[in-house]
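Have a look below at one chain only, the form predicted on its own, in structure tokens format.
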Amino acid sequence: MQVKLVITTIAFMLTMIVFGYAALREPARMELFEGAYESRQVEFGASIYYSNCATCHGQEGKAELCYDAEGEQIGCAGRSLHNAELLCGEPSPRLVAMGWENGTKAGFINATVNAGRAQNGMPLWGADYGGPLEDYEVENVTNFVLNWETVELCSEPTAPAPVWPDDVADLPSGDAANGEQLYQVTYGCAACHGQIDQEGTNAVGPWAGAFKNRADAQPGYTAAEYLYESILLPSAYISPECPTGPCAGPPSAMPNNFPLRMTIQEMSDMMAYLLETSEFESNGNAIVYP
């Protein structure tokens, strides 16, 4: 009887040791499991992104290299996602600009993927809104985009914005050939504003072919001043002539970060292409970029 008691006690103690060891290892095991689960979400999200989103937002999410279904390079119609403006800080600068400062980046990206941005030509993707992606797939895409946030990205110094001239007459001469490349491919403007020689090809914004005749859009402005202000300060004047009626806004549906992405020479080149002149007429209106 005493031997059985000793054996039972030893067995109980060994069991407790095993359970104790397992309990000590549980946080590490759960952390490993959660890490693997998140990795799978990012991996699945990457597959969905490259199948559906890279055409507009770019192969690396930077809105720099976009390709159509045939593999031909096209202009990126979507905004850059792989940048500090969207990903760094909680709230990040993009969230503050969009009035989402009380929300999270994950919530912002998830909501944008789900509901799209009709005014910008972005389709809705969430099944709850009539799109093709289930909730878990939208979550996977969201986690894939968030995966681009790194210490290196968020510690990079912000490049200073160009000091934009107040007067279009102070812009350098433009190169229309390079401006066409910028318009069609680099910045993907044609996706919203259409081809300048084909009226009605604009999908979202005003037709670009009319920009050279838009001096009457704002009294006292030249066509160059109108276009320059429209790129630098897209919400300063909302055109009444979008494909479906008056353009949405304010704020304008047009991205407001072109002044941070473009150089002054690129601005001149694109204006030369759209206005069909390399020199820009001024009535002395000051276009003051903050």
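All residue numbers are counted from 1 along the displayed sequence. Computed from a predicted model, the values in this text were never measured in an experiment.
If you look for the form predicted together with ligand HEC, you will not find it shown, but the lines that follow are about it.
Consider G194 of the chain shown here, and say whether it contacts ligand HEC in the predicted complex, taking contact as heavy atoms within 4.5 Å. Taking the distances in the predicted complex, the answer for G194 is no, it never comes within 4.5 Å of ligand HEC.
Would you classify W164 as touching ligand HEC in the predicted complex, given a 4.5 Å non-hydrogen atom cut-off? Close contact is absent here: in the predicted complex, W164 is far from ligand HEC, nothing within 4.5 Å, heavy atoms only.
Heavy atom of L227 within 4.5 Å of ligand HEC in the predicted complex: Contact check for L227: yes, within 4.5 Å of ligand HEC in the predicted complex.
Would you classify M270 as touching ligand HEC in the predicted complex, given a 4.5 Å non-hydrogen atom cut-off? Result yes; M270 sits at the interface with ligand HEC in the predicted complex.
Where, among 164-172, 123-131, 149-157, 194-202, do residues come within 4.5 Å of ligand HEC in the predicted complex by heavy atom distance? Of the options given, it is 123-131.
All of C66, A97 and V185 within 4.5 Å of ligand HEC in the predicted complex, heavy atom check: Negative, none of the three is within 4.5 Å.
Quick one: which residues from 68-100 get a non-hydrogen atom within 4.5 Å of ligand HEC in the predicted complex? Result: A77, G78, R79, L81, L86, R94.
Between V204 and H57, do the C-alpha atoms lie closer or farther in the predicted complex than in the shown form, with a difference of 3 angstroms or more? Compared with this form, V204 and H57 lie farther apart in the predicted complex.
Since the Cα separation of A190 and H57 moves by 3 Å or more in the predicted complex, tell me which way: closer or farther than here. So the answer is farther.
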